[in-house]
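Before any questions on binding or motion, here is one chain by itself as structure tokens, the form predicted on its own.
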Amino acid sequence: MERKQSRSRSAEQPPIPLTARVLSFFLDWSIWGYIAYGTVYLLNHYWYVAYIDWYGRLTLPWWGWPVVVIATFELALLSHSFGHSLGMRAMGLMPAAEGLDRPALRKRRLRHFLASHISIMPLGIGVWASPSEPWHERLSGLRLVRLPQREEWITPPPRWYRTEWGIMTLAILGLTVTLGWHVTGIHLRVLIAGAARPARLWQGLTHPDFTFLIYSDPWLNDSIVGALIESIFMALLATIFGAGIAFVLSFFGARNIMAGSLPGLIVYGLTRGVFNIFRSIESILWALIFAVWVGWGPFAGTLALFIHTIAALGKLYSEQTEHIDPGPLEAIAATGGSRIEVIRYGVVPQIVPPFLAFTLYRWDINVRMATVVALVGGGGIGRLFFYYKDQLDWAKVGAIIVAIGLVVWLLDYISGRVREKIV
């Protein structure tokens, strides 16, 4: 795409790094591979060709995969030469030639595309031999330069959706939405046609039965209020103990605290890795593990929330520690303060308010999660919820939903007011 700038900067710019060139090309190649995959997937829904397996799915013959690889490679080269490259856009690059009108620029781009086969196809020899100015750029006269800044334009730049890369982005977004529509099995006709089926469910949910709000259900030996109190304490204990351990571990997961030595960086990497791994495992799976370990009940649910709280708050705490003002730390270290004193007097005063806010927010999350962990034996109000759901007693399920909603709203209001005071 032709761009008018106030002055030529192509000669002034430093050479484009080889990594930026390679990454931009492989990103475009991956995008075209994704488009090819999406096209094949959609063909399975709309159109069949000669190569169909026993399950009625479109398959490729033995020569199909090499053709797809070569075709997507060629399309990636076209994208780089003619300005439709999302890879170059992501890396802040663009192909440019100074002082050319549109017909001449198109010829340069075509020459750039043809020369790319000589430079890139034979194992990228033309790029490795001259990383700053590959062979295809020399042969075509079309150089890869940095995108100009907004203030360098004589006239305002075109809207993004009117550019080649913008049109490409919209096309990929449309393909992604279409794929998602079919992968998730969305059928609006089925949704509308089946609207009357859950009528009994809605009838029960909108007419809650509070018979066992205070009095215990003889089958479960518990009431809604009693189970709610159990869930609140599960969340509270998991948050208190989890936040305490996360507070200590967060310093080992902060780069600015652990940097300066190889052992410190190793501890930093291990701590952040533990946070990410434990956080990626949902609380319901932790509850299943602890239910087998310690038996079904609120103890298993509390342990599940406790483990997940350590990982989640440890990640938030450590990231907050990495963004503190380094000035007080440098001042304390310059006066001869030890690492412990730097943390005590330079780090802790800056992180206490956001840490408290994160902790209160995590308590809100744990109250809601205390309902879900009961699905695998975690105890709390969820035990009643899933029991009545299995019995199709939607009126009592509605009563539990109302009670949970009121408790969550009240806790959210209280924690929100407290966060306003401490942040």
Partner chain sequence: MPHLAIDHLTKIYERGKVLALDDVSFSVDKGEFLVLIGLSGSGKSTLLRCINRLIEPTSGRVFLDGTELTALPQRELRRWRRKIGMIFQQFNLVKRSTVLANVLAGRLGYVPTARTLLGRFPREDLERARRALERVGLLEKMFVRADQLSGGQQQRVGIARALMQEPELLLADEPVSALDPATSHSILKYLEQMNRQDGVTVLCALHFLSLARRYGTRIIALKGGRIVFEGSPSEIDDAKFKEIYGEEAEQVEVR
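Rigid core (definition): largest C-alpha set, two forms, superposition within 1.5 Å. Residue numbers count along the first chain shown, from 1. From a predicted model like this one, the values you see are computed outputs, not experimental measurements.
Omitted from view is the form predicted in complex with the partner chain, to which the following refers.
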- Message: For the interface check, one of 178-186, 205-213, 122-130, 336-344 should have non-hydrogen atoms within 4.5 Å of the partner chain in the predicted complex; which one?
- Response: 336-344
- Query: Using a 4.5 Å cut on heavy atoms, which of V274, I172, I332, I232 is close to the partner chain in the predicted complex?
  - Reply: I332
- Which pick from G264, P328, G166, G226 sits with a heavy atom within 4.5 Å of the partner chain in the predicted complex? P328
- Check whether G33 has any heavy atom within 4.5 Å of a heavy atom of the partner chain in the predicted complex, and answer yes or no. no
- Task: Report whether the minimum heavy atom distance between P354 and the partner chain in the predicted complex is within 4.5 Å.
- Result: yes
- Answer yes if any heavy atom of N256 is within 4.5 Å of a heavy atom of the partner chain in the predicted complex; otherwise answer no. no
- Query: Going by a heavy atom distance of 4.5 Å, is G260 a contact of the partner chain in the predicted complex?
  - Reply: no
- Query: Is there a C-alpha shift of 2 Å or more at A334 between the shown form and the other one once the rigid core is superposed?
  - Reply: yes
